[in-house]
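A single chain comes next, written as structure tokens; it is the form predicted alone.
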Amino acid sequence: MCRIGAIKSKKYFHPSKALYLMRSQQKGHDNSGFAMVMQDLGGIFEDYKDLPILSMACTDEGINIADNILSAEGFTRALQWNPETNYAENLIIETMPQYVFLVLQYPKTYRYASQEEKEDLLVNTRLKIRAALEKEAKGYVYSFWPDVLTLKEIGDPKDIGIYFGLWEENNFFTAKVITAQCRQNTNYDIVRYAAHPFFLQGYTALANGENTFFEKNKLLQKSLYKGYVGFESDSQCFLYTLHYLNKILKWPLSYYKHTITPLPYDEIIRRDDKEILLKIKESLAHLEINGPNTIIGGLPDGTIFTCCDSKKLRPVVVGRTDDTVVITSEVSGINEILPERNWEDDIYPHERETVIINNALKVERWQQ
């Protein structure tokens, strides 16, 4: 099984917290990798909240490919950060030559553009860079979005932390929300794009488990939106469904659970909202999921949540203090980074529940 986690805090914190969260659950993962999405950034990125950040792992040629596309679109650099790396022969890690995080100014032609137009530009540009890098086998682009940084790497999570210097806390590389996972989906090839978390237009998703309705989900999703690409992991479908419901259809988050794990028909017809639920069950049947899984998701407004499959076959627990909330696979992870919390307040979501945490760290439990 994979091990997943999300940390949300009122204060900026260093990604070492995510590594410690995963380390305590190390028996549940192999050495296939570590990945994280950092949102609501502090440190060197705090003054660039409104500007998009391009997160890449690539060759030297890959940087030139990306630069040419960005230049053609009219983007200009505001900041470039390349993390210092610490290579040693004994590290279990499959490195890329370059890890590049670019903060970019929007093209001048977009000075008076709407938010929707800017968002569309970022998606189109990321897709162009991804296609160009794939064609030349020169690298990977994970996200291109304001106030978001994504790092994915193959290897032992401990060694990945050593290589990027992530075990040592500092104030220049921090965030208020970090989602992370150890171990990729071993049903498919181990590639960087397959590493959770997955990110699109402010939405984040990661999962522990598998989706046996992958082909059915993919068949529909490929026709719904240009950004639904890759499908290197069956768990990407969880992100695309979340994005489609909340961003494209503009439905509230409460309908996500009703879409991926709809209630049985005989229960639906006894409910006051039966007309809506029956329409979801009928029109979005190809977005239903199956198989053992737990999902952690995030919305553009900073909300994070978790929900499970309809049989609750994968673990998840929520723990919290006054200024931090953690969602993860095993309680040992929360014990590691929030030992001072009241353990009696821990939440173990059941199969028909969605647990939501807002920016005030208020925890809500929605029953399906």
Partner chain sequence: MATIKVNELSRDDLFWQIQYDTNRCTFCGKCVAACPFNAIEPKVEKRRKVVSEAPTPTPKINFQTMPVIQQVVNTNNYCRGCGICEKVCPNEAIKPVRNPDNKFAMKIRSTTGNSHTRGGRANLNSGDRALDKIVVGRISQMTDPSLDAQRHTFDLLAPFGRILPPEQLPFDIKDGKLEITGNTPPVRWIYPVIIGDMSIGALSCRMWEALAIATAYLNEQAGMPVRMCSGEGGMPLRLLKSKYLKYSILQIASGHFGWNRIINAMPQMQEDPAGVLIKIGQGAKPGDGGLLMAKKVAKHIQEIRGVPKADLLSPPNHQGLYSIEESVQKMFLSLNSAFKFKVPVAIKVSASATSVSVYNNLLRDPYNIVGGFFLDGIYGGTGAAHEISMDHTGHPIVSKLRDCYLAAIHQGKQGQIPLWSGGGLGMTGNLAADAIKMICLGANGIFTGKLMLQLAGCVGNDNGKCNACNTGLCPVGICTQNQVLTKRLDVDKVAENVVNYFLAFDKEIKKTLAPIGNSSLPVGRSDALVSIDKAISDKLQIQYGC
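Everything quoted here is computed from the prediction, not taken from an experiment. Residue numbers count along the first chain shown, from 1.
Not pictured, yet referred to below: the form predicted in complex with the partner chain.
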Q: Go through 129-137, 72-80, 274-282, 143-151 and give me the stretch that gets within 4.5 Å of the partner chain in the model of the complex, heavy atoms only.
A: 274-282
Q) So in the model of the complex, does any heavy atom of residue 320 sit within 4.5 Å of the partner chain? A) no
Q: Answer with yes or no whether residue 219 is in contact with the partner chain in the model of the complex, where contact means some heavy atom within 4.5 Å.
A: yes
Q) Would residue 250 sit within 4.5 Å of the partner chain in the model of the complex, counting heavy atoms only? A) yes
(Q) If we define contact as a non-hydrogen atom of the residue within 4.5 angstroms of the partner, is residue 156 a contact of the partner chain in the model of the complex? (A) no
Q. Only one of 225, 110, 231, 255 has a non-hydrogen atom within 4.5 angstroms of the partner chain in the model of the complex; which is it?
A. 255
Q: Determine the residues of 209-244 with a heavy atom within 4.5 Å of the partner chain in the model of the complex and present them in sequence order; the list may be empty.
A: 210, 212, 213, 215, 216, 219, 220, 223, 244
